[in-house]
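Given next, in structure tokens, is a single chain: the form predicted on its own.
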Amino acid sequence: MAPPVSRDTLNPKVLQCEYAVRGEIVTIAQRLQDELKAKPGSQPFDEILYCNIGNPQSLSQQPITFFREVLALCDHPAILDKSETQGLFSADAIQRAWQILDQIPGRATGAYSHSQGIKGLRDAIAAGIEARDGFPANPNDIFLTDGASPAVHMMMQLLISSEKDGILCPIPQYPLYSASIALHGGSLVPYYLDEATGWGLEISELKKQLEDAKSKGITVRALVVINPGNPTGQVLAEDNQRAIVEFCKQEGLVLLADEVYQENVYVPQKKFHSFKKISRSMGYGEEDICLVSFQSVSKGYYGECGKRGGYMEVTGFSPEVREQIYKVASVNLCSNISGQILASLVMSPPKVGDESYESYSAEKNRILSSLARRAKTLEDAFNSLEGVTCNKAEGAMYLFPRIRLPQKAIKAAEAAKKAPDAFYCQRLLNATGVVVVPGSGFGQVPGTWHFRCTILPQEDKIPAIVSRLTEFHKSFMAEFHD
């Protein structure tokens, strides 16, 4: 008798969906790690260096003290009244914890909240958005979610009704987008970022791909923009953002703005500007453009990936549509309360004059300046390798170098039934223990090959990564020399 479930009987949308960041290379890395643990010295390296995913605290980045103090006090409010607490926690963390607990029904962080998130926390986030942008924000437009990913899934679920619905996505893109479009049965409409101009986003390319999709009978519903870019690390210029807003307005597209790296900008000549700020500064309000902005506690300088906090700010939709968004949010009851609290702290951190301000600022600046140095060191290292070119990481947490592989290597990859960049990355892992993600998992111009490498390993580990990579690359190129 056939088993009740087989690969053939699964939802074909699930089979079509792929997520490279935790794909085959990572599975092999985890197996190698187990082997090293069971039998030290069994590999040509002594540890696995995970450069595959934006997971800062797994690579020894320390959490922000103020955020964790508030979180601890909220989760165990019984200690707020104890005299010892004054000596262990800063006064402003104690005050903020009381303030947050007063907004939670029953002061219980283990209870469900409103489906959009605790109202007082949404108030704090809206105030933070207003302070950042200089334009009003409405707490009722904010939906708190378990990280930004569920918010993206929610919007795809709402926007896609069949494979005739298309979503314009950057190539290269973060695989969450291709995966969620596949799961919800839509069509990914690619627009290619221009590597030669530092991963530039050209409006002419958006128009070309939009027309091409229309000619295939696809109705494009939305445009995804990732700023700062993942995996590409570019930060959009204001005039480019204005042109994107204008394009969405003219074409009647929902603008899905992935802004989770808004704190990660490393070049002095670039600044992060939210699409909400840009659209409002152009004079466009609720009735002019549908905009969904995503933020997360997983990135920035805080790196609280495991706490699963984030939100989307939803503007420009009719009350009828808003009702449906709320209904979908309600199906999940609510996002976790620790993540909600962190999202409010990220958007309203200590201010000048608060007891924690100096230590908070020092921690934040130390992390961001170190990330900038790591990005530069890795960028220089990649650019020194034969056949490798790497654009500057202006922001985010990644570099996306291009590798020009010899024909022999491409043929060897074909024989191994692997994409050439996946073949390179697997060989790199087996030789050095360094885990990077093949560019084919993010999409790339056909015939080009890349890999994504995070800048997150601690600074004292970077020289080892550079030397391992350099040594491997030289021997790989020598082995497959045409």
Partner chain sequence: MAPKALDYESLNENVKKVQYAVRGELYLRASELQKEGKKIIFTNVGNPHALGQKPLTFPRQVVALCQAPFLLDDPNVGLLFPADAIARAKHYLSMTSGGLGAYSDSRGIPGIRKEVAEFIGRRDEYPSDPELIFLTDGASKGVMQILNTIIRGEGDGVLVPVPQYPLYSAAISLFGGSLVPYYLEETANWGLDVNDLRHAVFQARSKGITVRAMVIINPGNPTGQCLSEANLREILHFCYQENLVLLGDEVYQQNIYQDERPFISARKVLMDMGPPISKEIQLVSFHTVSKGYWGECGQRGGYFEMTNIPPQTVDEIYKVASISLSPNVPAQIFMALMVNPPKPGDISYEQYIRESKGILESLRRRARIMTDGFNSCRNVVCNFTEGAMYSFPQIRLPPKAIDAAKKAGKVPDVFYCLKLLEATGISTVPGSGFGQKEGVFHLRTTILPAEEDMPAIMASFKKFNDEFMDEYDDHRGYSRM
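Numbering follows the first chain given and starts at 1. No experiment lies behind these values; they were computed from the predicted model shown.
As for the form predicted together with the partner chain, it is not shown, yet the points below apply to it.
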item: Heavy atom within 4.5 Å of the partner chain in the predicted bound form - residue from A362, V331, V352, A196; value: V331
item: Candidate from C390, I94, A213, L158 lying within 4.5 Å of the partner chain in the predicted bound form - any heavy atom; value: L158
item: Per-stretch contact check against the partner chain in the predicted bound form, the hit in 408 to 416, 281 to 289, 230 to 238, 265 to 273 (non-hydrogen atom, 4.5 angstroms); value: 281 to 289
item: Non-hydrogen atom contact F400 with the partner chain in the predicted bound form at 4.5 angstroms; value: no
item: Touches the partner chain in the predicted bound form: G120 (any heavy atom, 4.5 Å); value: no
item: Contact test in the predicted bound form: G200 vs the partner chain, heavy atoms, 4.5 Å; value: no
item: Distance check, E386 to the partner chain in the predicted bound form, heavy atom within 4.5 Å; value: no
item: Three-residue site P4, D146 and A179 fully in contact with the partner chain in the predicted bound form at 4.5 Å by heavy atom; value: yes
item: The partner chain in the predicted bound form - contacting residues of 58 to 75, heavy atom within 4.5 Å; value: S58, T65, R68, E69, L71, A72, C74, D75
